[in-house]
Structures are given as C-alpha cells and as structure tokens.
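In the form predicted on its own, a lone chain appears below as structure tokens.
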C-alpha cells in the first residue's frame, strides 16, 4: 500500500516545468510521527556525527558553513519507520524515471538534526568531481513548527540568487529539487529541527580506455 498522499503525475509535471516542488502533507502523519520518534531515539543514543562538507579526502567539518549532525539511514535500516520511508521514496524514484528519464538508480539519505542555533550556509548539493546526485529530497519531521522558530530552507530560484522561497520545516512537508540547479540554505533554527534529507543518484558508468 502506498504511503504517498499526493498525485505523482502532478509532481512530475511540476518538476519538469520548473525543477522544484513543495508538497505539504506528503505522507501520513503516522509515518512522519514514527520517523520523528526514530530520529529522536537514535539521537538520544548518541549515534549521530557532526556533518561535514566535501567528499572523500576533501571532507572536513566546517562549523562556519554548517552546524547540523547526521545519521545515514543505512545505519538505522533495522527501524520499521525507515523501511517504510524508503519504500515510499522508491515509489517516487520509479515515477520520476518514467516521467523525466533521469536514470535515477538509488537514494542516499540521512536523518539530520539541527540543534538550537544551527544552520547551513548557501550551497549546491552536487559535488564538483561527482555529478551522480540528481534530485534532492527533504522530508520534515517537526510537528506544529512555530512561525518564529526559523529553520526554513531558503531555495534560490534564479542563477543570481535574487529570487527565493522559504519553506517552513513542518512535519510531512516534502521538498524535491534538481541538485545541480538550485542553490539553497537552511536558516538558523531557534529550536531543535529534525528532517530526513536525501539525494537520488544516477548511475555513473565508468569508462576505461
């Protein structure tokens, strides 16, 4: 049974037209609640690590750029809520591939916790030396997020980063956008902010001569 509460065809059409979409109440409140409980559980167990920037040998913790902590979902795959989330996201991947021919092959994702005061400065999600990340996903987990609590994702809609939208991190809201096109940042959160963040990756076939 699908966990998605929205019309996939409409979402695909919107992605094709503008490259991003914001979907309120994308999944049942029971699932987002179970994901929230799972996130808090593994956080309280001390399983998270401080997030870094870059990749491979160039990866480093840079607190002036980002101050969140993460736990990759493959390290919490035993949790039923994680399995249900991954099944729902697989459904989205299949639909995107059918509709947009992006060649998505897998989803890498993690829980993200922003403690009070944490942020993530403006950035793109695609690495300079690895273009596998194709479609970014963010599912918010905090219920009844106050308007004055900050923590919005600011998605810049043009190359000059002059036009933007701010998306409130309310439980059940799902944000999808093309990873190589849209600069974005997480504004400072005034209370603990929880989400599941991920990237659909396309398969990169290595060519040897």
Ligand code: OGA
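The structure presented is a predicted model; accordingly, all values stated were derived computationally and were not measured. Positions refer to the first chain, counted from 1.
Absent from the display: the form predicted together with this ligand. The rest refers to it.
The candidate site formed by 153, 184 and 195 is fully in contact with this ligand in the predicted bound form, as each residue has a non-hydrogen atom within 4.5 angstroms of it. This ligand in the predicted bound form is not approached by residue 85, whose heavy atoms all lie more than 4.5 angstroms from it. In the predicted bound form, at least one heavy atom of residue 138 sits within 4.5 Å of a heavy atom of this ligand. Although the partner is absent here, residue 66 is a contact residue: one of its heavy atoms lies within 4.5 angstroms of this ligand in the predicted bound form. The shortest heavy atom separation between residue 125 and this ligand in the predicted bound form is within 4.5 Å.
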